[in-house]
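Quick setup: one chain, the form predicted alone, written in structure tokens, and binding and motion questions come after.
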Amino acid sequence: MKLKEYLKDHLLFLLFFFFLLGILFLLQNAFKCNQSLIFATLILLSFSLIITLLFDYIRKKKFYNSLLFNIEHLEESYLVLETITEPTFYEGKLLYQAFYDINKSMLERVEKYQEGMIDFKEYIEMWIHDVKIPLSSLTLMAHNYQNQLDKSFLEQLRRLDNSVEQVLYYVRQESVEKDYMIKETSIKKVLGKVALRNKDDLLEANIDFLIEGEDALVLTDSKWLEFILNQIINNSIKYRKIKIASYIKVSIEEKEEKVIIHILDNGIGIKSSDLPRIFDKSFTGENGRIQRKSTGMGLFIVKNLCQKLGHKIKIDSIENDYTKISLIFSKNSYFDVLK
């Protein structure tokens, strides 16, 4: 709050005051008052005005400066009322009450919105579980009659199952802390499940799936790790080179303080300009526009889940050469921030 702006706001009042002061001066002269008395009266009134305005400015400045500072520096600006005390002057009380009423109304609306979102998420989860049962039955039936069915039928079933699972994990990622169970997990055991899930796609695409290095135990949730690895492997399959021998090489590297899973493929790679945004929500990049099958959500969900679990993910790629994704697990604590 600036003194100049404060005085400008009170300009009409000041003009009216000095107008009355002039009238008083003329009246006192008309009644032949003592000149010393006239000047003493004018000085006293002017001094009273200055003291009154200065006092009013100081208490308002303290309140408004504190209010503006807290709004600017708070991450959640709507919590500003928690950081200031109710002012003593009338205008401030009106403003404080207005903020209180607005804040209360907003919190009530947010609470209703959150309740609606929770209900919606619960419904989506229930719906997905209901859908996965007939999907699993269809997949089993298709395998029993695979010699009589077109290969594209099974492929579309697998794509549908993967998309449904992706939606489930996207819905759950905000409340992942309530759903996971951290324990020592065998990397090769999880990789075996991922390989089995993608067996048909790997065989059909003639992709060699290689696992190198000794098994290692990491602190994580096996179900969430399986989803993360499955999304990465799916991308490697989707963005393979068609006319050359393709491979996906998974290597396990164990160090003193961390374990790293490297997933390397010799697919079409990623443009260097796309790499900084590869984990952004709905970002498909050049490859996604070419393939026309990408939603840009897979790696976004993977990145979020890694952050929730305390793991780190890195990606390195050269276009038309390779893509390498590394998952890093701390040995000390699953929620360590790794550098």
Partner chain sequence: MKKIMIIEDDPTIQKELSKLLENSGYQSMILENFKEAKKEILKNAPDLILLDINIPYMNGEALLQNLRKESNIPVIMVTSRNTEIDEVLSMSYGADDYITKPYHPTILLLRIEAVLKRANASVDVITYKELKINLKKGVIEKNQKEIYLTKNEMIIFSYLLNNQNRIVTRDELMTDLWNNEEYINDNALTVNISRLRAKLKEVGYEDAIETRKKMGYILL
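Just so we're on the same page, rigid core means the largest C-alpha set that superposes within 1.5 Å between forms. Not measured: the values here are computed from a predicted model. Numbering follows the first chain given and starts at 1.
Here the subject shifts to the form predicted in complex with the partner chain, a form of this protein not shown in this document.
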Contact at 5, 54 and 70 by the partner chain in the predicted bound form, all three, heavy atom at most 4.5 Å: no
Among the candidates 93, 255, 199, 109, the residue which, in the predicted bound form, approaches the partner chain to within 4.5 Å (heavy atoms): 199
Sole residue of 102, 245, 118, 181 within 4.5 Å of the partner chain in the predicted bound form, by heavy atom: 181
4.5 Å heavy atom contact, residue 239 to the partner chain in the predicted bound form: no
4.5 Å heavy atom contact, residue 191 and the partner chain in the predicted bound form: yes
Distance check, residue 156 to the partner chain in the predicted bound form, heavy atom within 4.5 Å: no
Proximity of residue 81 to the partner chain in the predicted bound form, heavy atoms at 4.5 Å: no
Candidate stretches 73-81, 93-101, 191-199, 258-266 - the one whose heavy atoms come within 4.5 Å of the partner chain in the predicted bound form: 191-199
Sequence-ordered list of residues in 64-101 near the partner chain in the predicted bound form, where near means a heavy atom within 4.5 Å: none
Shift of residue 151 between this form and the one not shown at or above 2 Å (CA, core fit): yes
